[in-house]
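Structure 1 and structure 2 below are the same protein chain in two forms, each given by itself as C-alpha cells.
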Structure 1
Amino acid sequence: MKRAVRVFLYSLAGLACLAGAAFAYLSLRKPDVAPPPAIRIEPTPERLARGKYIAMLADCAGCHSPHDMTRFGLPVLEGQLLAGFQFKPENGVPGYVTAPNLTPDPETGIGAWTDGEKIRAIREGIDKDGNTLFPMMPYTRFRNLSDEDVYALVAYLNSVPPVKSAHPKTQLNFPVGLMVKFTPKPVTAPVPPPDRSNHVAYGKYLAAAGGCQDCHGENLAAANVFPFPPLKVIAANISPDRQTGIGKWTEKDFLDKFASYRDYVAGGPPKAGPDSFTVMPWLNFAQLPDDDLRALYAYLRTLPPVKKAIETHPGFPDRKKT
C-alpha cells in the first residue's frame, strides 16, 4: 500500500473512532433533568377558565388532536379533543413525530401522570420516564409561561373528557434524537405573571404563548412552509413592512381580521379548498379578547420591518390575500 493511501485509511479509521466516541458519549449522557415538582393542582373555577384560555392561545389541540382537513381552520374532529396526532415525514418533520394523547385516559393519555410530571413536560421538555421531548413541542417557549398559567393549564388538562386513542411513539431520524437531548433545561426560579399594564410586554408574552414566531419566524417573515400533501401553505409576512408585511394595517384592521372569523367559530360551514388551506389558528385566535389582540398588535409593531414578498398559497394567482 502506498504511504499516502495508508495514512488516509488510518485517518479515516481515526475519524470513525472519534465519531464512535462522540456517539457513545452523546448516547450515554443524560439530558438535564430535575425531579418533577411535588405539587397537586387545585382546580379552582378561575384556573379552569384561565387554563382553557391558555390552551386555546397556545393551540395545544392544534398539534395534539386529529383535524377535519376538509374544513377551513381545520376544526378538531368531533370527540377527539387532545386525543393525539402523528406527524409524518411528508409534513416536514424529521421522522414520525407523535404529539401524544393529553386526555386523562390512564392507558393511552396522561391520566396516570402526576401534576408535577405534567408541569415538567410542558415547560422543561421531559416526559414521565425522564426522556427528552422533541422540541417541536414548544417547551422552550412554554418555560416563560408564569407559574400560575402553567398550573391553570394542568387544571384544564385534568378536566377534559378522557379519550381512548393510542398512537405509536415518536421515531426521529438519526442523529436528530441525539442532538435534541440537550435542549431541556430545568426551570429554577419562580416565573411571575406578565404585567398587563405594559401593552408591549404583555403582547410579547401572548406572542410567545401563541407561537407566532414559531410559524412566522423570529423576524416574522421567514416564509416557513407547512406541507400536508396534497395541500400546503406558507406563513405570511406579518412584520411591519408597509409593502410586503402588515405595516399598513391599523390596529382596527388587525382586530377586524381576527373578528372576521368569529361567525365561523359559531358554526359556519366553508370548506377548505387548496386556495384557503391554512394552519394559522384563526378559529382559536378569533376568540381572543380585543384587549389581547391590541397587545399583540402593539408588540408586533415593535419588531423591525422585513421586506420580503411571500405568497401564502403559491399557484393561486387570482387569490386575494387572506
Structure 2
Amino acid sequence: MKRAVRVFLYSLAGLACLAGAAFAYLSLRKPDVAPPPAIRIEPTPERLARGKYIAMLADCAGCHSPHDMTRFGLPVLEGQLLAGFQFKPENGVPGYVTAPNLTPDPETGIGAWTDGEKIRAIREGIDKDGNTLFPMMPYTRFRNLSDEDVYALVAYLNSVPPVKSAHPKTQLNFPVGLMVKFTPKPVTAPVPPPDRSNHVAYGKYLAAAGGCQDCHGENLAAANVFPFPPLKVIAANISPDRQTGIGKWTEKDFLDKFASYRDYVAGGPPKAGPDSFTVMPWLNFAQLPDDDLRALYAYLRTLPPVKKAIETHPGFPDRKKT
C-alpha cells in the first residue's frame, strides 16, 4: 500500500514538473518572427484608391472604429475612422482585446511605425514591438493578400486623418495569451496579384479578403450567432443550396441585393423590418463594383451546397428566414 502511495506521489510530482516545464516553455516562447521588410510605400493615386477599396472590403473600420449603435449598419462615429476600439469579455472575446488606433497619429496610432512594420502586422500578426496580435485580426487570411494590395492598404492607412485616441493594451485570459504565440508565421515568398479575368478565382480572392467565412463559416452555412441582447443575428446560409441557401438566386438577384442598400449609403432612409438589424457590412459591400460582385457570385456558385435552414433574426417582430 505504501509503495502504491509513493508511486502515485512520484507520478503527481512528475506531472507537476512536466506542467511547470510546459508553462515555462509557453511563457518564454517567442512567436515566429521575421524582420519587417525594409520598404517605403509610394502613395500613388492608384494605390490610395485601391487601398481604400481593400480597407472597405476587409471592413477594417468594423473593428478598429467606434460605431453609432443606434443607426442602421452601425456607421463609424464622425471623426473616429480607424481610431481604435476595445472589445470586452461580454463581446465574446477571451479577455480585453484592443483593435488599435490605425490612424497616423504618432503617439496613440501607428504614425511612428515604418511601412514594413505595418505590412508585417497586417500579414503576419506581429506588432512594432514584436508582440503577437490576437487572431481576431485576420492576418492568417491577410497573408494571402497580394503584395501590391498590401502596399496599397498601407498607403491608404498613411493617408487617413490622424486621430489622437489612446486605448489600453490587449489583455488575454490564460491560456489563450500563451497559445496565440503559435499563430503568426512569416510570409516568405512574393504574393502575386489575382487574375481579375478569371471571375471564380478573383471571387475567391475577394471572399477571403472580405472575410465571408469569418461570419458564415467554412461551409458558408455555419449559423454563427451574434448577440445583441435582447435580440440576436444569425449568419445566413449563403451556400448554393436551392432550398435553404442562395442557390435559386440569379446573378441579377445577387447584385440587386447589394444595390438595395446604396440609397442608404447615399443618405436615403434605412431598411425596414429585420434588414434594419444586421451585422453584415452592407454599407461597405453595397459600394463594391458590380463586376466584383459578379466575381463573388461566380465563386459562391462553385461551392458545395449545404442544406441548412437558418432563421437569421429570431425573435424579431417581423421574422425573416433565408
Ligand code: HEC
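Quick caveat: nothing in here was measured; it's all calculated off a predicted structure. Structure 1's sequence is the ruler for residue numbers, which start at 1. Under this definition, the rigid core comprises the largest set of C-alpha atoms superposing within 1.5 Å between the forms.
> Given these two structures of one chain, say which is the form predicted alone.
Of the two, structure 2 is the form predicted alone.
> Superposed on the rigid core, does the Cα of Pro35 end up 2 angstroms or more away between structure 1 and structure 2?
No, Pro35 moves less than 2 Å.
> After the core is overlaid between structure 1 and structure 2, has the C-alpha of Pro289 moved by 2 angstroms or more?
Comparing forms between structure 1 and structure 2, the Pro289 CA shifts below 2 Å.
> Spell out whether the Cα of Pro45 moves at least 2 Å between structure 1 and structure 2 when the two forms are superposed on their rigid core.
It does not, since the Pro45 C-alpha is displaced less than 2 Å between structure 1 and structure 2 after the core fit.
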